[in-house]
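So this first bit is one chain, no partners, the form predicted on its own, shown in structure tokens.
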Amino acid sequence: MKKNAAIGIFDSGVGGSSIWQEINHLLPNENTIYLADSKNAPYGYKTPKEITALSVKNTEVLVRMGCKLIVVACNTATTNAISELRSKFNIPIIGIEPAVKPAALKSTSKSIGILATKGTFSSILFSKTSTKYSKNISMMEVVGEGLVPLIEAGKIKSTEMTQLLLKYTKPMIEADIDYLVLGCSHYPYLIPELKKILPAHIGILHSGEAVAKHTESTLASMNLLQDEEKQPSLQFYTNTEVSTLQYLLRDYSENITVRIKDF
């Protein structure tokens, strides 16, 4: 595998671009290829078999494109399919899980909230993680039904979004949480809206920075880090329309290309 091969990243849509931003910030010289499987979003209400099949399909596309490492920038895909992907493909594969551990360790009120998809909450992997760190901690799990479709439609600042966020955070605030874990890679785009709603003392945690650091350490251990200072190739592909992805990546618009691709 060559150092200048790209890091491949996929998600059930545009949300994983929040993970891409963390990776690009930490590893600015790396070439990247991002797949937004928006045609099949959200994954959260699909069966584990369907989620695994979609994850295999996306990984196959990135492997064919010559990627040196794959980041599964989707909590639902990770928690349902990561074992299958690692057994099927001879390439480093990094997943993403809700930041339950740091929230549980940091909490002083011993009460945390987790906002995620149904598919993440019902997975075996999430069950193992939450059980491990839930001793002496109250965990309020709330399914963020409807949030991903609104983000995919570019309606982050809409009235519908505000109403849903008020509905989902109200019981958490009443439960005296001091940390809110965002268990879906789409949800970091909601942080500005959440900060308008949540009391100031409630911290918001997501996994993007941890995934970027894991990506860096994995590539370093295999001597695959891009060591040239250069303008990287930043490729984004979606199997629907490009406008939402272009909007979310507007700060990078001079350097990236967003294309429609059937996959």
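The first residue of the sequence shown is number 1, and the count goes up from there. It should be emphasised that the depicted structure is a prediction, and the values quoted were computed from it without experimental measurement.
Quick note: we don't show the form predicted in complex with ligand DGL, though the next part is all about it.
A.B. asks: How about Val100 - does it come within 4.5 Å of ligand DGL in the model of the complex, if we only consider non-hydrogen atoms?
C.D. replies: Although ligand DGL is absent here, Val100 would stay clear of it in the model of the complex, with no heavy atoms inside 4.5 Å.
A.B. asks: Should Val148 be classed as touching ligand DGL in the model of the complex when contacts are defined as heavy atoms within 4.5 Å?
C.D. replies: Judged by the heavy-atom cut-off of 4.5 Å, Val148 is in contact with ligand DGL in the model of the complex.
A.B. asks: Just checking whether Phe236 would be counted as a contact of ligand DGL in the model of the complex - the rule being heavy atoms within 4.5 angstroms.
C.D. replies: Outside the cut-off, so no.
A.B. asks: Would Gly113 count as touching ligand DGL in the model of the complex under a 4.5 Å heavy atom rule?
C.D. replies: Judged by the heavy-atom cut-off of 4.5 Å, Gly113 is well away from ligand DGL in the model of the complex.
A.B. asks: Could you tell me which stretch in 23-31, 38-46, 201-209, 60-68 has residues with non-hydrogen atoms within 4.5 Å of ligand DGL in the model of the complex?
C.D. replies: Of the stretches listed, the one contacting the partner is 38-46.
A.B. asks: Mind listing which residues of 185-207 have a heavy atom within 4.5 Å of ligand DGL in the model of the complex?
C.D. replies: Sequence-ordered list: Ser185, His186.
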